[in-house]
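As structure tokens, one chain now follows by itself in the form predicted alone.
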Amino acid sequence: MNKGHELLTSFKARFGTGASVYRAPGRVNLIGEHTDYNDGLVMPAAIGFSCCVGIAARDDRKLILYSENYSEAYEADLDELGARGSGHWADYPLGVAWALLGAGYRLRGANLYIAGDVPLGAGLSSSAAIEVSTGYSLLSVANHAIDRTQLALLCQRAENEFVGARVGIMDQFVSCHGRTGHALLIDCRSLEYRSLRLPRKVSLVICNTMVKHKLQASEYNVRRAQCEEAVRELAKALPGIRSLRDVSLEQLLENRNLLSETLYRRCRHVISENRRVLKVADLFEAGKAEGLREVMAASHESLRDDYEVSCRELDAMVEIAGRQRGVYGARMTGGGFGGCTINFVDVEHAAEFQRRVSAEYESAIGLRPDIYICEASQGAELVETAAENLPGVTR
């Protein structure tokens, strides 16, 4: 039985009616870390882990939410949503409803059954998956056309302002626009993007270190503030710059005296990481996997030394991966301080890689990692509609 049928069964058991089921994927970022909120370049891929939302319209203004993951229900009124969340899991779907209403969309009350399999705390963007699947379902049940870029922007606004996490646009964007078998090269300033087919002999293997250090959330906001401070200082010599996207490595070196050593290293990571994204894009467009190792290693070293967002477990995982057969490249992915690494692995060696890395990491760190062999997947979509739900009004 597929996820859609399973969720329809669960929805009917809880709410007593049919439903439509929408899904949106999590993501893994292949290259381009901490560049999105600096108007930079990123290259994520949507993955097979996703959040599914079963939805049926109501004839009142209530949103009745049920989370399968938390085994908990939550009720809210569309006309009485506050402007800030409360730290509850429901902040993510409610924040999306708040952002959609603020953008002028007329929404209907609805029953929503939410179930996700994106690993929590792994840096694979479970938050974007629930936001996009909720937004897609709320717009659909109210008969609005779906503008995927607009939906991504509103989901980002929900997380920035309602939830209170200052994330960039990458996660929501690829959850909306993902394409099977492809990564997306995204310009986070213009939101222009293009699909890049992954080399056919390459598997995406995600290694979850099984740790998430508590300082991740606070340090993420610190790094963003440091980049903004650096732009203000550099603007004294480079008038007109709006972000680190506007600064070259040569300009950074020429104006190093304006920055503290810490700010200089933060800038060096962001600017050099944008260059690395373009290098990987060139390799993918040529259908090549050779050459990825050096670029991925440089990205990890920059994140570890200049941006200081790695940790012992991530460094160990990258080192272990790098000595396995069939590996084309490995680095940490996501915000840092734990979470996952992303590895390009020859398809024929992926299963062996999974076994050996698991054993060696457990021996070195004392934790058994989760290792996922993934494919790039489709973005947000309708999965199932029960025939009885087509008229679509429930109490």
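Just so we're clear, the structure is a prediction, and the values are computed from it rather than from any experiment. Start at 1 and count along the sequence shown; that's the residue number.
Although it is not shown, the form predicted together with a small molecule is what the next lines describe.
- Contact check at 4.5 Å (heavy atoms) against the small molecule in the predicted bound form: all three of His34, Val167 and Asp171 pass.
- Proximity to the small molecule in the predicted bound form, taken as a non-hydrogen atom within 4.5 angstroms, holds for one residue of Tyr264, Trp98, Tyr74, Tyr220, which is Tyr220.
- Comment: the small molecule is not present in this chain, but in the predicted bound form one of Pro44, Gly334, Pro369, Gly40 has a heavy atom within 4.5 Å of it, namely Gly334.
- Note that among 59-67, 24-32, 337-345, 361-369, the stretch whose heavy atoms approach the small molecule to within 4.5 Å in the predicted bound form is 24-32.
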